[in-house]
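Okay, so here's just one chain, in structure tokens, the form predicted alone.
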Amino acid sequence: MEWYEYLIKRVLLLVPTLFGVSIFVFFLVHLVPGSPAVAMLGVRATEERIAEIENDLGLNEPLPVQYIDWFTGVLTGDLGQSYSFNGPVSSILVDRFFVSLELVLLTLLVSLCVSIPLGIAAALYKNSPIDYFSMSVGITGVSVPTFFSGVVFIAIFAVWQGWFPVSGYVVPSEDIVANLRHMALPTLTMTLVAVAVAMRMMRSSMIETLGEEYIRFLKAKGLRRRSVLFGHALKNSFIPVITVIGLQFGYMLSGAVVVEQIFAIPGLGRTVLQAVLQRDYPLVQGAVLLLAVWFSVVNLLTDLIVSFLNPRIMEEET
């Protein structure tokens, strides 16, 4: 199977997946107790006003009719109007998406720069102080809750030392330095978990690869250790690591809700949380659909990179 055939096949599989997600999310959101009209009116809610608002929003229509209207708008790029933000859902999601994307990209960059060298060093010097240190980092990263590490980092680096702001967000186009200072602690909080997972996978994958027969054969031929490591072992060791990183990259965007809430970052995760609390159906539906598209695209790109490194994957699917 050629790479373009593999790409077309995977892209076509996204269509029924996203269609199924849209149906599931739409009906699941409408099963949540409460009414958007009550959330909008608050203490002023009366039965007459609630009925009037629900009629204006089309919430008194049968669910299949509401779904068809919403999905028709999705196909044309219209995700509806947000009840809580008083604006088009599409523009709100685009603004919040790029804020969360910056946080995810910074986290991915920092975690790769730390986890890959640390995982390789731990594998090369197994049962050494470096290995024990890396395993300690891994255990700490997966054991400490994100909300706890975020609060600890705020106390140390923002309150006690005063190096970084406690919360808030600055657009990069306005002041890139201020933007990076505001994103430092959120990135550090998310990096702790990302480093733990990627480093442990890099370590175990490298140890397994170094124990393969072809590595022993290359060493027996007299190849230098550097050539065996970087020319042969590292490439094959990266395949499972890239898969894990791809999954993390997809989950980070939706999993950033805790970090965005702690540091008051106007990202997609925090917006979804506010939309759920306000029973903002169009915004929740659009956000979850966007997250599904994001995860599907990241998963597709991960599979393409892995299949490029190991073409036998495409041959097995023929």
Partner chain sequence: MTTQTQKTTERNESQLRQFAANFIENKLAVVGLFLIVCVALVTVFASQIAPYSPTAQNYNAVLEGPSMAHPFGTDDLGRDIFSRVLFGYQTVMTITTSGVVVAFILGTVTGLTAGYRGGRIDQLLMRSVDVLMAFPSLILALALIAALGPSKWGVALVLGIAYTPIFARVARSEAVSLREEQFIKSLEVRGASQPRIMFRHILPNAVGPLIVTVTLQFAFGILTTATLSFLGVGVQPPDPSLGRMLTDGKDYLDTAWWFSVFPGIAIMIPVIGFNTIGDGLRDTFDPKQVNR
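Residue numbers count along the first chain shown, from 1. This is a predicted model, so every value here is computed, not measured.
As for the form predicted in complex with the partner chain, it is not shown, yet the points below apply to it.
Of the listed positions (91, 167, 143, 161), a single one reaches within 4.5 angstroms of the partner chain by any non-hydrogen atom in the predicted complex, namely 143.
Taking a 4.5 Å heavy atom cutoff to the partner chain in the predicted complex, the contact residue among 151, 109, 171, 177 is 151.
Annotation: in the predicted complex, residues 113, 157 and 306 none come within 4.5 Å of the partner chain through any heavy atom. Look at 182 to 190, 82 to 90, 99 to 107, 200 to 208: in the predicted complex, residues with non-hydrogen atoms within 4.5 angstroms of the partner chain sit in 200 to 208. None of the heavy atoms of residue 300 is located within 4.5 Å of the partner chain in the predicted complex. Shown alone here, residue 70 lies farther than 4.5 Å from the partner chain in the predicted complex, counting heavy atoms only.
The partner chain in the predicted complex is not approached by residue 11, whose heavy atoms all lie more than 4.5 angstroms from it.
Mapping the unseen interface onto this chain, residue 135 counts among the residues with a heavy atom inside 4.5 Å of the partner chain in the predicted complex.
Residues 273, 276, 277, 279, 281, 284, 288, 291, 292, 295, 296 are the ones in 273 to 306 with at least one heavy atom within 4.5 Å of the partner chain in the predicted complex, listed in sequence order.
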